[in-house]
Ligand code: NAP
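Consider the single chain below, provided in structure tokens and representing the form predicted on its own.
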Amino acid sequence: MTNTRSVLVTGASTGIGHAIATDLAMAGIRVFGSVRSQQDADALVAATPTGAPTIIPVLLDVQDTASVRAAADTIEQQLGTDGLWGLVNNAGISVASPLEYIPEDAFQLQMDVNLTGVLRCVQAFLPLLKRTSGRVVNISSISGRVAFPMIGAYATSKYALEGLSDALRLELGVHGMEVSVVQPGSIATPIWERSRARATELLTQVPEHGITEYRQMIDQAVGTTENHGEEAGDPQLVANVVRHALTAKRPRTRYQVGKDAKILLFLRRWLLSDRRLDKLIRRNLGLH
């Protein structure tokens, strides 16, 4: 990749997005990083690695079409006649609640950020990407292939993102463009802490008998997110594969990141039926 190539990374203020943005900047790439506040913008600039091109913050809210299109106009003005080489759709949230009791607006929020938000960005930035026959990298999850209890809404959004990515790859292939999906397992990011906080709030809306019904799963889910925060992999692992997806002559259509993701997805694809996988997940989670 040369210094003239530019990449937009959404959700670049923390976690995986921040790691991707700084990694690409260290590789000499001009990076536009989307943030939602001026404070985050200032922090992103300050985090630019020494000697690397300055990461350029862009105010962008993936839930707001006008915001996304305004960001596209801002980036186009800075690019001039050049185009974008890459769009990394990383911005996302996790909503945890039993599907039986999840509020409809919380479910819609999950879909709007993790799925429709990606579509908004793709539609807004494709004109700039077509100028260079550029690439789209969508950050999915192991939950896009294997669902777990209590995060059904999150899994739904990621399963859907996988389908969107497959269709988009076929459609953009006629333009000589590549679309890759990255499927991380457990990665240490602030999403786990935010997910616990959001889940705690949502559980106040679950009736008492519902809490009793799902108590074991709720307790296990809280424990699992705490373990993820302590034992999960480094976000740099994701940054490494995103860089490959953006720079390789022939990028993969899918990348698994983390030992847990590779093992579980191998079992899912080659060895276990749905029933056996269900049994394995329940056993590992201590569910009966």
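Residue indices: 1-based, along the sequence shown. Quantities reported herein were computed from a predicted structural model and do not represent experimental measurements.
We do not show the form predicted in complex with the named molecule, though everything after this point is about it.
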query	finding
Residue 189 within 4.5 Å of the named molecule in the predicted bound form, heavy atoms	yes
In the predicted bound form, residue 113 touching the named molecule (heavy atom, 4.5 Å)	yes
Partner contact for residue 16 in the predicted bound form: the named molecule, 4.5 angstroms, heavy atom	yes
Partner contact for residue 12 in the predicted bound form: the named molecule, 4.5 angstroms, heavy atom	yes
Options 43 to 51, 240 to 248, 23 to 31, 56 to 64; stretch whose heavy atom lies within 4.5 Å of the named molecule in the predicted bound form	56 to 64
Listed residue (139, 136, 84, 96) with a non-hydrogen atom within 4.5 angstroms of the named molecule in the predicted bound form	139
Those residues of 73 to 93 which, in the predicted bound form, come within 4.5 Å of the named molecule by heavy atom	90, 91, 92, 93
